[in-house]
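Only one chain comes next, encoded as structure tokens, the form predicted on its own.
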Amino acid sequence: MKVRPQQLQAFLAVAETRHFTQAAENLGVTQPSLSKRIGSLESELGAAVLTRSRGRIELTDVGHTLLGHARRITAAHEAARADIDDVLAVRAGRLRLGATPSLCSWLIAPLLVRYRETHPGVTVALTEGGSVQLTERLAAGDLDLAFTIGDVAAETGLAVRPLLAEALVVASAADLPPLTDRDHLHLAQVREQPFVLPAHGYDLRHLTIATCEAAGFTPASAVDGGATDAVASLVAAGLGIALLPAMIAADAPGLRAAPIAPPGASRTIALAARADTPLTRAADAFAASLEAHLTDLHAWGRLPEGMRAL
């Protein structure tokens, strides 16, 4: 049995008004069209749902049985249509967003405030992790968008849009002698220094090792493991030096930051999505909010220290 919503709407209109002309006007259709829908419904059911008796329209036993079901089905159909319209208009829906821990405080928090102001009905689920973990979850379909750090362009099935370049500095304990008496230092100058390295899986660990190797040495680890905040605390305690984003080094207490000699070192912050799947309406609206937010930060000169737009 393939009963269509239009057939049920026609039946309900007649059942509630007991008048074909009035029912047709309420639905905005012609009376012949209404009669055709009722007839096709009865053909599909194999039984009459209405009878005419002394000029009155009455429901048959089948019609009485159908009435409650028709109301529930029609209400469910209308509710589904309303929910879909809300999603299409980004009045509802969900956004599954991934970001690295260092981005959640200065970028993600104010960005989500802005997004929620215009799309309060969208549920946002935020996942923190390293870029490798986030891109894996993105490729698996567990996330809609992910902020990544470093080069993930080689990841299969991902479209990556670079957003910002973040300068790296050499951080050391503020109460220890400076690493250099100049405005900047060459990484080769600290090749004998012990390093505090982030934990495996963190983007900054891979970037630190690659940057030092490009300068001709492999960093010797004094303490191996920890998130970015832990690395900053361990460096401030005098356990070693570290490559840190300029913004983090400037904000962390007890650190001294030494810029790296030109061409310097930096990491790229990007927004990644699956290349083979269109963005949801909620994700597309978030990308637009991000664009506006970054434009405002750049125009107002409020990008964090060591950050530049790409």
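These figures come from a predicted structure and were not determined experimentally. Don't overthink the numbering: it's just position in the shown sequence, from 1.
Although it is not shown, the form predicted in complex with the DNA is what the next lines describe.
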Using a 4.5 Å heavy atom cut-off, indicate which stretch of 30-38, 58-66, 249-257, 267-275 touches the DNA in the model of the complex. 30-38
Is it the case that His298, even though its partner is missing from this view, gets within 4.5 Å of the DNA in the model of the complex, heavy atoms only? no
If we define contact as a non-hydrogen atom of the residue within 4.5 angstroms of the partner, is Arg4 a contact of the DNA in the model of the complex? yes
Does at least one non-hydrogen atom of His293 fall within 4.5 angstroms of the DNA in the model of the complex? no
